[in-house]
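A single chain comes next, written as structure tokens; it is the form predicted on its own.
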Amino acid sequence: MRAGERPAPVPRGDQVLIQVHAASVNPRDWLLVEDRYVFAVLAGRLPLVLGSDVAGRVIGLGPRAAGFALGDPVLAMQTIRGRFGGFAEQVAISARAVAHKPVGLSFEHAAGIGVAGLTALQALRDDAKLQRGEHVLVVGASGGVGSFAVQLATWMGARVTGVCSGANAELAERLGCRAVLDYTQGDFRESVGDADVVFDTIGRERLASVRPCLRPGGRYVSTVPSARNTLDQLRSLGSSKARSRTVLCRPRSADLRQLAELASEGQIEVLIDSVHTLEDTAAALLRSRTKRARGKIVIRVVPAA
């Protein structure tokens, strides 16, 4: 990866042109670099300006863009078909994937919501159909998606057990886990047998491996759309034993707005692992690739005024 100059984007259709103040890293960024991203064909060929999640100010509007004005502080998630582009000073994104940023939320924290926050919210609400009082097991409770999942499940009235390393146990408890299982000290599957939902934010499990953790009728939700998970989902349709789903993050402005408001009100915390400069983006991707980040890795593009 290298930093350089490119022509400024021009907002078309319903696009909003954003002056980027901060962006955040997701695994899809380095998976694209390594040619291992499952939806790479939709993103087009390299070279690409990577980056899905941004926060900044509106500096331009396409002819059909509605609901925003020049100067508005916003957060957004670029779609795959939008060819990413968040790791730059400016990016044009469909208004359907842009939301107003609350005054009490910094650009860095707003940029950390995007893919991770939307994935956690949509997985629990739409795929798992989580109900108040249910028991959720979050695998990867201290990561980007996992840290949101723990807090959102708690906010939705669920009881949460987290799986992470012992070094992150205190953090997971602070985020809302009632119990934490250290995966380095044994098989967590032997410690839980009453989960209504297993949310695998790492993507290393499958329905068969977590079935001992689930109650009859329980739901397994993964963030990885593998062939195995797709087959499990088809086979478990209508099953009364256990069901499998794979969450596919949808860039919705209403969901972004809800998450931003929850963060602004202090009901959830956007956990930031580290902050990098735009020129140091390669190091930010390497940090994400270790899968040891505690929360989100943020890239500061334009310092907030």
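This is a predicted model, so every value here is computed, not measured. All residue numbers are counted from 1 along the displayed sequence.
The protein also exists as the form predicted together with a small molecule; that form is not presented, and the subsequent description refers to it.
A.B. asks: Heavy atom within 4.5 Å of the small molecule in the model of the complex: which of Ala88, Ala92, Cys213, Val115 fits that? Just give me the one.
C.D. replies: After the contact test, the surviving option is Val115.
A.B. asks: Which residue among Leu278, Leu31, Ala43, Ile59 has a heavy atom within 4.5 angstroms of the small molecule in the model of the complex?
C.D. replies: Only one option qualifies, and that one is Leu31.
A.B. asks: Is it the case in the model of the complex that Val54, Gln78 and Gly82 each bring at least one heavy atom within 4.5 Å of the small molecule?
C.D. replies: Verified in the model of the complex; spot residues all out of contact, no.
A.B. asks: Would you classify Ala293 as touching the small molecule in the model of the complex, given a 4.5 Å non-hydrogen atom cut-off?
C.D. replies: Within the cut-off, so yes.
A.B. asks: Would Pro27 count as touching the small molecule in the model of the complex under a 4.5 Å heavy atom rule?
C.D. replies: Heavy-atom contact with the small molecule at 4.5 Å: present for Pro27.
A.B. asks: Counting only non-hydrogen atoms and a 4.5 angstroms cut-off, does Cys249 reach the small molecule in the model of the complex?
C.D. replies: Result yes; Cys249 sits at the interface with the small molecule in the model of the complex.
A.B. asks: May I ask you to check whether Ser191 falls inside a 4.5 Å heavy atom distance of the small molecule in the model of the complex?
C.D. replies: No, Ser191 sits far enough from the small molecule in the model of the complex that none of its heavy atoms falls within 4.5 Å.
A.B. asks: Report the stretch among 228 to 236, 95 to 103, 149 to 157, 136 to 144 that approaches the small molecule in the model of the complex to within 4.5 Å, counting heavy atoms only.
C.D. replies: Careful reading of the contacts points to 136 to 144.
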